[in-house]
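Given next, in structure tokens, is a single chain: the form predicted alone.
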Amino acid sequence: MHLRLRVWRQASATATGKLVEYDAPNISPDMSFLEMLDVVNERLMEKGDDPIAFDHDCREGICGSCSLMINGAAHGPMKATATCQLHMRSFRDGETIDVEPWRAKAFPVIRDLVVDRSALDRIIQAGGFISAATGGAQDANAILVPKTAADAAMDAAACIGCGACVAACPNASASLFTASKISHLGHLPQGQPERRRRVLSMVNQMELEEFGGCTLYGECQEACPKEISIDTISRMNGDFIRAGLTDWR
């Protein structure tokens, strides 16, 4: 395949960025998108140019690091697919591909395609935990969990924290991410002691990080590589209202 890339290059957080064009010949259709960027970077370094900075880690669709806007779509054109799982056969030979970082006030660009997503970590730190007694491990069957609750918790826990929901949302809302982290604990018996405090703390932290408000536009669930439903947002909103009206302390 012979491709043309238009990649966002920005030397630092304070520098002015721009789209820079690169020729990418002899690209195998079986390469992943990140492998294609590796090849482009090798060729750049051979010429003495600076390689394109981008985040990556597991390259198995688990860690959520591979956060790229590809032709205006979070993680590219394929549904339920992280950037590292996207193959070049998803594009046409001779196509021009725009590659940009996440665009959100809460995700400032660090360099090129790398953004600071630590705002998501702070949301989790605000309440994404449970109280558990230390000591010997409790027997697995000591706490009964209905299958429906376990399935719902696992569906929400599938969130990999990539931030695609924020990047795809016209309001740059982190509601799907926050709701997933709240719901996967809230569905389980172990998550009940902090349930009300958790939703108040995490939603408040989300607002402090200056993410936009949710209007249930729905683009978040379309962009989510794990196809998490916006039903989790409705559940979070219900918990938030109940927690605010109850003297839970």
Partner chain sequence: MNLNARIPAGPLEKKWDRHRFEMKLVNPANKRKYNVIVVGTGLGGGAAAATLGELGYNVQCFCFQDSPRRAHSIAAQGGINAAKNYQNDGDSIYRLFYDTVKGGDFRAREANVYRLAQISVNIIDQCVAQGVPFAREYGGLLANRSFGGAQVSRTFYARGQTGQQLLLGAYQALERQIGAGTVRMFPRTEMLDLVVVDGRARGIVVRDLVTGDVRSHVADAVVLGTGGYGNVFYLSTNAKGSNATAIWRAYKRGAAFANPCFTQIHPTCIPVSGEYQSKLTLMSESLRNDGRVWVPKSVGDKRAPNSIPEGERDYYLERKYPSFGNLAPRDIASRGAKEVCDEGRGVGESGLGVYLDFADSIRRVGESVIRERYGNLFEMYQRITDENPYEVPMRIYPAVHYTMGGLWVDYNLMSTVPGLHVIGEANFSDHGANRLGASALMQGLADGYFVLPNTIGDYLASSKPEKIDVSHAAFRDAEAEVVDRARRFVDLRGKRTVDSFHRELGKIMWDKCGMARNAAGLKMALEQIPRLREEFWRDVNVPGSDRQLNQALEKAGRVADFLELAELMCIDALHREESCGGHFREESQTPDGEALRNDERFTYVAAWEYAGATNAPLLQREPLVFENVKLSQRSYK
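It should be emphasised that the depicted structure is a prediction, and the values quoted were computed from it without experimental measurement. Numbering follows the first chain given and starts at 1. Only the largest set of C-alpha atoms that superpose within 1.5 Å between the two forms is called the rigid core.
Absent from the display: the form predicted in complex with its partner chain. The rest refers to it.
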item	value
Distance check, G161 to its partner chain in the predicted complex, heavy atom within 4.5 Å	yes
Residue contact check: G128 to its partner chain in the predicted complex, 4.5 Å heavy atom	yes
Contact of R92 with its partner chain in the predicted complex (heavy atom, 4.5 Å)	no
Contact flag, V40 vs its partner chain in the predicted complex, heavy atom cut 4.5 Å	no
Residues of stretch 52-66 in contact with its partner chain in the predicted complex (4.5 Å, non-hydrogen atom)	I52, A53, F54, D55, H56, D57, C58, R59, E60, I62, C63, G64, S65
Flag for Q138, CA shift 2 Å or larger between the shown form and the other one after aligning core	yes
